[in-house]
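Only one chain is shown below, in structure tokens, and it's the form predicted on its own.
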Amino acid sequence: MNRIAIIDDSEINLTLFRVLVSKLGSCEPLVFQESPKGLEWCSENLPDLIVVDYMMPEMDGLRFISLLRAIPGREEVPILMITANDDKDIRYEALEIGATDFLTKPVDRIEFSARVRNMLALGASRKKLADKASWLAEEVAKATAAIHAREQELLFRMSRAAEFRDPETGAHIQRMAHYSCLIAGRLGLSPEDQQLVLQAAPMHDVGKIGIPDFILLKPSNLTPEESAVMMTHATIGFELLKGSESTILQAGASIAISHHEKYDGSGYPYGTAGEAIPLFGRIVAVADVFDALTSERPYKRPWPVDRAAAYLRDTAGHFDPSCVEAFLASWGEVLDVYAQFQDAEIPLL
């Protein structure tokens, strides 16, 4: 049922238009002799068409159209304006402020009916296009989400591929990723960046896939030569991930190359210092070291969480102080993550 609002100060005209609209079929006429009341109704309800007279007391047709178009959601409602003369200036002004079509008094019944049908058809077509555009946008969003989910699963499995060759576990990459997200949130990063670091952090050690087993799995301390080989996992990971059009892979490449840098410049591979180290790398450095300290490995027992927190706080120079502060400020949530992701089979991110 099409709802047609009719605004005219003449009772005779209202009666005529009501009858003509009723004869169209599937149309409900709603008449208003006072333009402010008509505007109020149109602001609270969405008509399919508005028929408005030009010459009215209190608020003429031009003013009515101008105020109506300023109401959110009423920008596209078809408006048929009834004028008592052929003054082009009035019509030009009406078109400027949003009138759709015109009829001149005395109104021809056949022409009125034809114009109303045409404008209703136009409005229906516009609505159908808008609905289709909305449907297409939803479908694109669904397809994009599906692609993103597959990408995230692949990235997680890439990260696990490196972890399977290492004493570390899938729970480790989940914990440190969520720790990283907590730090990003405390630092005031946008929700998008918080999600990005959560998704990219698991790739921090993907370069370990290129480290020989006799070094990667050695239960005792590495020799200086072996340590040098182990350090190359940062550049290997960067080489694996760089150059992608994926925002997540770009962030992963940055984290891979920078998460072993230290705030005082004593880290590797380049000895980058301070804020020259990418922020995501500084964030992941704190999360990764904390989880490494609190996790059991074949060559060590896990540290108590309080001892690991004290290490982060007291090891001057190694970590960005703001990242450490953000991590410790999230301590309750840190403990929740520590408890949630244990060394057992866990769901994907």
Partner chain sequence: MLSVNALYHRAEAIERLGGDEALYVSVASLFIESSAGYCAALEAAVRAADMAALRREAHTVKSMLATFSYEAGRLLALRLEELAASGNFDGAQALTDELVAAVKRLVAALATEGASGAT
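Numbering follows the first chain given and starts at 1. Think of the rigid core as the biggest set of C-alphas that the two forms share within 1.5 Å after superposition. Model, not experiment: these values are computed from the prediction.
In what follows, reference is made to the form predicted in complex with the partner chain, a form of this protein that is not presented.
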Open item on the list: At 4.5 Å between heavy atoms, only one of the stretches 98-106, 206-214, 227-235, 263-271 reaches the partner chain in the model of the complex; which one is it?
Closed with: 98-106
- [ ] Answer with one of E76, E239, E93, D87: the residue that has a non-hydrogen atom within 4.5 Å of the partner chain in the model of the complex.
- [x] D87
TODO: Answer with yes or no whether N13 is in contact with the partner chain in the model of the complex, where contact means some heavy atom within 4.5 Å.
DONE: yes
TODO: Give a yes or no for F290: in the model of the complex, does one of its heavy atoms lie within 4.5 Å of a heavy atom belonging to the partner chain?
DONE: no
Task: Exercise: Y54 in contact with the partner chain in the model of the complex, heavy atom 4.5 Å - done: yes
- [ ] Determine whether any heavy atom of E333 comes within 4.5 Å of a heavy atom of the partner chain in the model of the complex, and answer yes or no.
- [x] no
Open item on the list: If the two forms are fitted on the core, does E239 show a Cα displacement reaching 2 angstroms between this form and the one not shown?
Closed with: no
Task: Large Cα shift (2 Å or above) at M59 between this form and the one not shown, core-fitted - done: yes
